[in-house]
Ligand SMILES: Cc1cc2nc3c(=O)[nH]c(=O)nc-3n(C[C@H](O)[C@H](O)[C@H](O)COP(=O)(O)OP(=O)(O)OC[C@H]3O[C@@H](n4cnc5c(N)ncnc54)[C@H](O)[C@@H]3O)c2cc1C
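Okay, here we've got a single chain as structure tokens, the form predicted alone, with questions on binding and movement later.
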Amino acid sequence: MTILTPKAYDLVVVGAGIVGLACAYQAFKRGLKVAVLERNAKCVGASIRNFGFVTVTGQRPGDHWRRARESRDVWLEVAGNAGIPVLHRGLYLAAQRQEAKVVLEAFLQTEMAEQCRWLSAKEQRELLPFVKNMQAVLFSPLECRVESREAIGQLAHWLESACGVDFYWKTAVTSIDLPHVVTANGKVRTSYCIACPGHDLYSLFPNLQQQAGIRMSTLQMLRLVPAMPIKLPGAIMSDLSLVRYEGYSGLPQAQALLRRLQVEQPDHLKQGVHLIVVQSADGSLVVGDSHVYDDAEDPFASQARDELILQEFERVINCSGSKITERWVGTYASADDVVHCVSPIPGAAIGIVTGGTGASTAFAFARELVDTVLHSS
């Protein structure tokens, strides 16, 4: 087999999604010579099919919450250096049921609620005049949002042009046999390798992925153009989010809210629907999402799921007559553990964010992955 490049690298990263790009960045910061191999001509996977929402508040308590805090800081640093616009900051959790307010009151007593606070009635009227039936609104200043379908490409370009990372697109990796990574186009020589396959669980070390109990989560999302312009001060979530994000749903007080939602919105729960609304620079709204779990991705979008998402949007946001301009399907790997890291051979690691929070936690997880390979041989 031919040699793809005469260059030798300290670290080769397989996959140019957000986890792979974050690994390249963390390795660059350590002074390593890095290459990224990607089988597609550009990133087309889960990393661009999301909200671009870097979520800290509500992440699983402990290590994953700390990953989100760290990753948010890195995002802000990298975005400034790479010229990636941060479209808005902050999260507004609008409680529309008394049970939801009780969950947020309990959350405020945890360490994860640092810097979070209730909005006053005046602030609610001024900042969120389009949100209906608010019992209370919890504000977190910790979150930020980028336009993921543009930001991932911008991040890759910056890593290449400013950080000296080499990118090999249209280069499918077939095996890792250090000191070589074997591709359909030839071999690349490297001391270490990190594979970031996302939801591709069958190309590299499939037995290890199956042992981890990883399944596929397929989600649906929408882009809406409001009939009348509205200005979001930040991201918005609703009561359904409080029984989904583990920082809230793990609290004992969440059980009463869950029981009420099981009566009032059973179809939403069955389809894994909860509400996140963010705004793009052109004023359109990205709205989602749903979650369906199986051993493979669901290639067919469901109109019924879209309607459930729209029902929740219209229950929370007073914005009738909005026009749907885009619909899309995303897929990510899902497991009980929110991250999956395994070292199949000395000097190599596989890293997957398995909780649907890659945008929020990738930079910190990447630091852990780089540490793993550097200390594995």
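Just count from 1 along the sequence shown to find any residue number. The model shown is predicted, which means the values in this text are computed figures rather than measured ones.
Beyond the structure shown, there is the form predicted together with this ligand, which is absent from this document and is the topic of what follows.
- Contact here is defined as any heavy atom lying within 4.5 Å of this ligand in the model of the complex, and by that definition each of 39, 173 and 353 is a contact residue.
- The stretch among 301-309, 117-125, 164-172, 85-93 whose residues place heavy atoms within 4.5 Å of this ligand in the model of the complex is 164-172.
- Although the partner is absent here, residue 52 sits close enough that one of its heavy atoms falls within 4.5 Å of this ligand in the model of the complex.
- In the model of the complex, this ligand sits within 4.5 Å of a heavy atom belonging to residue 221.
- When this ligand is considered in the model of the complex, residue 45 lines it closely, a heavy atom lying within 4.5 Å.
- Taking the partner from elsewhere, residue 204 is found to have a heavy atom lying within 4.5 Å of this ligand in the model of the complex.
- Contacts with this ligand in the model of the complex, taken as any heavy atom within 4.5 Å, map within 345-374 to 353, 356, 357, 358, 359, 360.
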